[in-house]
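The chain below stands alone, shown as structure tokens; this is the form predicted on its own.
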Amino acid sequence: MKPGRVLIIGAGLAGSLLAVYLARAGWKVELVERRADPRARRLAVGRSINLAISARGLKALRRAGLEDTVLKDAIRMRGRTIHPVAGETHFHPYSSDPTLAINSVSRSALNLTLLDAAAAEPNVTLAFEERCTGVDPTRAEATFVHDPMGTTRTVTADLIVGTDGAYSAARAALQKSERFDYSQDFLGHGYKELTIPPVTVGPYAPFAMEPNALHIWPRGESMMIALPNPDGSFTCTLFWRHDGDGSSFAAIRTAADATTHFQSVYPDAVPMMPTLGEDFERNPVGTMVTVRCNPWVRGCVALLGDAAHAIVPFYGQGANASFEDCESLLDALTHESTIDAALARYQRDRIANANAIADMAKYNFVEMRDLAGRASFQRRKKVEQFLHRMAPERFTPLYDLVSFSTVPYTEAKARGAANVRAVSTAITLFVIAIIVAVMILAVLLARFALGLGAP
């Protein structure tokens, strides 16, 4: 198809990468963002949980020629370091392959990198502080209000793509049409960001602890995680229930309450967090939502990224999945002869996969906050990695499929379910073998004891 004019609503991660892709494919791109231009302050506002960029995201960035730029300031995390309430920490690799790792990346820095790349394309026009107030798929137009001036304008395009996040104005417009299915499911837990600053002394200085790991303090219904930053700091995130007693944002509100609670629940973290109380009182509590909708397309309007499928952050796949969307849409527009055919192909390719990773992300919260600290779970992980080493062509752990491959999420989810059965069978056979071996040994010892000799 001959490239035309495309309007992208939302200059976050997905919108900025899509702008780069389509501009290089010959499209005239207008990228419109409701917030101020973050390049002036070199700081992108919004959700601040560090990103874990893995194989899918790296593939998409490589296609834009940005992989090396992003990895230059990324920190490789080879596995999880578990912090129990008492006792020593213990490290669990993500894969039996020691070369595989996920990459801790600042969301703000990545957004700026992608925005810079989009702005460098001559086919891209950027506009900021313009809030989308309506999208009309039948007229192929969108309306924006420039809040600082109070002015309104309408933009027409051959293709309109909503990449404006979980609370998408573009999606809200499509929701008004018939036969549009939509659901949002808020997690009962919220999140709050804290900090472990750099240190000047210690075995990992300027890091206060091992930098090449994702640190987890699993506590059953709640947890804290910490991801490393290039300056030696760690971005910590509390995941607590919104309501109730114990580890909840309703029960613990003040700096003093937080400090007391941390001393009993996260005791090894307290000495590394000199601004704990201040950070706890100052930083807001965020919410986490899973968004699903169908269709993603109406006329010449398509949804992409969180606007189509917001997921909770516990598999580190939000940005990776959105970048896959960008590749899928680019491929569809490149290979199909019409926009309608391209959008239909894109939608077929992505909806089921988005639903699959949404399901896996919710389950991984249970794994991280509760199961990861259990000895039985850690043993199962070791069995998985043993099977992977012994028969890599026949058995691949779910985490490897999601984070270290680009197989469709639907396939990863199905193979992960089969893995559970395979591991259970392997453990059962191992236990039976041990019992049989013990019984044979007992018989032999009994015969020798009775002077009967070997059979």
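Residues carry their position along the shown sequence, with the first being 1. Nothing here was measured: the structure is a model prediction, and the numbers come from that model.
The same protein also exists as the form predicted in complex with a further copy of the same chain; that form is not shown, yet it is the one meant from here on.
- Between the options Ser183, Thr99, Thr151, Ser264, the residue in contact with a further copy of the same chain in the predicted bound form by a heavy atom within 4.5 angstroms is Ser183.
- Site annotation in the predicted bound form: the residue of Gln175, Asn355, Thr156, Thr125 reaching within 4.5 Å of a further copy of the same chain with a heavy atom is Gln175.
- a further copy of the same chain in the predicted bound form is not approached by Arg374, whose heavy atoms all lie more than 4.5 angstroms from it.
- Heavy atoms of His242 reach within 4.5 Å of a further copy of the same chain in the predicted bound form, making it an interface residue.
- Although the partner is absent from this view, Thr200 stays clear of a further copy of the same chain in the predicted bound form, with no non-hydrogen atom inside 4.5 angstroms.
- For the chain shown alone, Thr287 is a contact residue for a further copy of the same chain in the predicted bound form, at least one non-hydrogen atom being within 4.5 angstroms.
- Only one segment in the set 346 to 354, 254 to 262, 185 to 193, 308 to 316 has any non-hydrogen atom within 4.5 angstroms of a further copy of the same chain in the predicted bound form, and it is 185 to 193.
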